[in-house]
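Next up: a single chain in structure tokens, the form predicted alone.
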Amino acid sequence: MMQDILTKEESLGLYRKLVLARFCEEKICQEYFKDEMKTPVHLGIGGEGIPIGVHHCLPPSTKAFGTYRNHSLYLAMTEDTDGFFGELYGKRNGPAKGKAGSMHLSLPEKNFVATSAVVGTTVPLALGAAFANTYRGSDDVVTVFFGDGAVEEGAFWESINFAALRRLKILFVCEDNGLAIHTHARQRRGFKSLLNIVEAFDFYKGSGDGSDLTEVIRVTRQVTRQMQDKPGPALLNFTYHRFLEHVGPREDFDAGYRQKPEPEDIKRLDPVLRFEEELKESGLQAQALEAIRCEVQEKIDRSVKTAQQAPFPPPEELFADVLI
């Protein structure tokens, strides 16, 4: 039960982050076809509960690395809607001054270190950060988020091998929608269970339904306690349903590679609706939740207007902050 693991204050804070991530991406869907955002967008509607729930369980000093489907993680760690939309519009007020776009968001001062459009590439980067912590004698944790398609990359297996060998405090988080673009896991994998294979590497491990924020938190806390008691790496595998197309703001169920969920299934697959129902069952009033939704929407609307009116970076910024 939610009330067994979360205080009222925690629950409302988590709901605010869920709504913030969802409303930001819904705003992208509304604005994208005006062609003012020049960046490809990989939207994570349906998967918000995973980064938000995992991040909630980690110390503030935790460094995080992500994939190109990174919006919910960025917003969970920073709540920076001004910089978020500034970057999507390619404007100077973005955290990378408009040069990173959607797929390479980062904000190192908030410990959101790097994301990348290339599958699996931030996994060894996170490994290096965890090794650096050990080298310096730091007790900090590193976490890296990746999709299930990254599990077929050699860098993933090399990284978990080294993490196990050196007993690094790194948390690998697989956001598992069962798809690598349009290809199902059963068409890509010669093994049956990722968790069973990882167990052979002397890992802590956990899994659950990523659409259930409460379950994400429960499983993450269990694994991170093990990491604290006896340092070592861990892997979490959370399943979820990707509601939109691989890249872009549309649905793509007409493409034929998967079926659209029935209305009765959406309440189970949607982490926002699911957590909202839990909050109501725990006694929170609908008016309190509506107030949060209104406040978040106003914040997003202001940030979009700010981004639209912000200047583009000048030409001399093209090669600034870039190693060449």
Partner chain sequence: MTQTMMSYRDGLMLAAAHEMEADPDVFVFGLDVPDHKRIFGSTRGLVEKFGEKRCFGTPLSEDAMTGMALGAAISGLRPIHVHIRVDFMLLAMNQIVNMISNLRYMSGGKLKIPLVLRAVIGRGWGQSAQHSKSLHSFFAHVPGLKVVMPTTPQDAYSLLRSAVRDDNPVVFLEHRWLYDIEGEVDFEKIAPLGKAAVRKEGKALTVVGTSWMNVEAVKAAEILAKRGVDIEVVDVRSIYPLDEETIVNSVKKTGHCIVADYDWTYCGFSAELASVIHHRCFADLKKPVERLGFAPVPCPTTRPLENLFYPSAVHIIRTAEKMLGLSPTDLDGESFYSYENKFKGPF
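Numbering follows the first chain given and starts at 1. Bear in mind that the values here come from a model prediction, so they are computed numbers and not experimental data.
This protein has a second form, the form predicted in complex with the partner chain, left out of what is shown; the following refers to that one.
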Is there a heavy atom of E153 lying 4.5 Å or less from a heavy atom of the partner chain in the predicted complex?
yes
Though only this chain appears here, would R167 touch the partner chain in the predicted complex if you measure heavy atom gaps against 4.5 Å?
no
At 4.5 Å between heavy atoms, is K38 in contact with the partner chain in the predicted complex?
yes
With the cut-off set at 4.5 Å between non-hydrogen atoms, does G208 touch the partner chain in the predicted complex?
no
Position in contact with the partner chain when the complex is considered in the predicted complex, options R221, K110, K99, H241, heavy atoms within 4.5 Å:
K99
So the partner chain isn't shown here. In the predicted complex, which residue out of S138, Q228, T183, N196 has a non-hydrogen atom within 4.5 Å of it?
T183
Counting any heavy atom within 4.5 Å as contact, can you tell me which stretch out of 77-85, 196-204, 249-257, 229-237 lines the partner chain in the predicted complex?
249-257
Within 4.5 Å of the partner chain in the predicted complex, counting any non-hydrogen atom, which residues from 89-128 show up?
G90, K97, G98, K99, A100, G101, M103, H104, S116, A117, V118, V119
